[in-house]
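The structure tokens that follow cover one protein chain in two forms, given apart as structure 1 and structure 2.
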Structure 1
């Protein structure tokens, strides 16, 4: 196990910014080419779920170093300045690092940061970019992949023990993300979304750890007799995503657990007015399926996203 600074920069007032990577390798070097996987988190400073996953992974690898057959690189906190200041973007510059890839070594500081990361991850066979939701929404463990790259990334996604795989069409802004950049460079890259911003969800962390270990075992990066959990995910290939938005402002009080399989017409919750003790709106599922996004922060305004539901289009709907 070796820890390396892949990028450093001097900051005002004597401070210093660095991106750190820890590498795990087989105990015995062989002559044949081995696979490499890179696990990245903290591109957004207010998303901490990935740090828990990477901690659990690093702990497992340290305790099972004899089982490592490939190269595992971990990057727990790419935007460490954002983590330190509890901000999503890159402080001082107020930019979203996941919108300035691939960057360049002669660009402004955020561009240099993302260039260093993509340059270092380049050459990996697989990369996993772990994100959380924001403080407003809770997401079940899900993988989002670009339809353009799905022929090679979808089989990998199905090994990650997540509940839902959302395949989306390309949008111009996505070309400036880490995942699009790395996929374009030949590294099969998966984006995981789970949990809530600024929080840790222990059960989700354990779930994704099992998925990463399962994927690495299938790819020959680790060799273990242990059987890792791998649940069968829903996939948007065979259905649609339905959105439920607030029809008015107020306080959202949920009536349903997250990650619930629901029927059309099931009650999602109420929007209430604490001042008058009134129910302003009752919210019901527009479709049967799996509730994979649910409002976490209760204050809502007209149009606020309350829930996302994945369901199949059939005669009943």
Structure 2
């Protein structure tokens, strides 16, 4: 196990900014080519679920170093300044790092940071970018895949022990993300969204750890007698995602639990006005299916996302 700084920058007053990577390799070097996987988190500083997953993974790898057959690189905190300061974007610049890829050596500092990351991850066979939605929404463990790259990434996603795989159309603005950049460079890259910003969800952490170990086992990156859990995900290929947005501003009070199977017309919650004690809007499910995204932060404006529901293509939906 070796820890390396892949990017450093002296800060103005007695401090140093660094992105660190820890590499796990087989105990005995062989002659045959081995696979490499990179696990990345903390591109958004307010998303911490990946910290737990990577901690659990690093612990497992340390305790099972004899089972390692490939190279496993972990990057727990890309936006390390943001992680320590509850800041989603790159501090000072207020820039979303996941909108400035691929970056470049002569760009502004956030552009240099993402360039260093993509340069370091380049050459990996697989990369997993772990996100926690944001502070506003809670997500069940899910994989997001760009349709353009799905022929190679979907089979890998199915090994990650997640509940849902969302295959979305190509969107030009998303070309500035880590996943699009790495997929374009030939690394099969998956985006995980799970939990909620600024918090840890322990059961999700364990669930994804099992998925990563299962994927690595299937890819020959680890070799273990252990059978890792891998649940069957439902994929967006067989249905549609329905959005529920706030029809007005106010305080959202949920009526249901997260990750619930719901029927069309089930109550999702109310938007209320504390000042007058009135209900401004009652919100109901527009279709039946599984509610995989639910508003966590209660203050909403007109248009704020309240819920996303995945429903199969049938007569009722």
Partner chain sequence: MQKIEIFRIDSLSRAPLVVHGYLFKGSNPKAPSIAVVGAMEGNSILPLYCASSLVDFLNNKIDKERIEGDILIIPSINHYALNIGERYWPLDKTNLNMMFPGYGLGETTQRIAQKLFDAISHYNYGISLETRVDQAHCIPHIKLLKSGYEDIESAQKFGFKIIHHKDLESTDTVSLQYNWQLWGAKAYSIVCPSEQQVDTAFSNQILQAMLRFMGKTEIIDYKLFHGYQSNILQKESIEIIKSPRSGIFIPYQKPGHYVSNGQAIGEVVNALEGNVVHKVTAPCDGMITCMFSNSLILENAVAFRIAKIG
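The term rigid core refers to the maximal set of C-alpha atoms that superpose within 1.5 Å between the two forms. Positions refer to the first chain, counted from 1. Computed from a prediction, not measured in an experiment: that's the story for all the values here.
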Structure identified as the form predicted together with the partner chain: 2
Core-aligned CA displacement of residue 248 at least 2 Å between structure 1 and structure 2: yes
Residue 43 C-alpha moves between structure 1 and structure 2 by 2 Å or more, core aligned: no
Core-fitted comparison between structure 1 and structure 2 - CA shift at residue 272, Å: 2.9
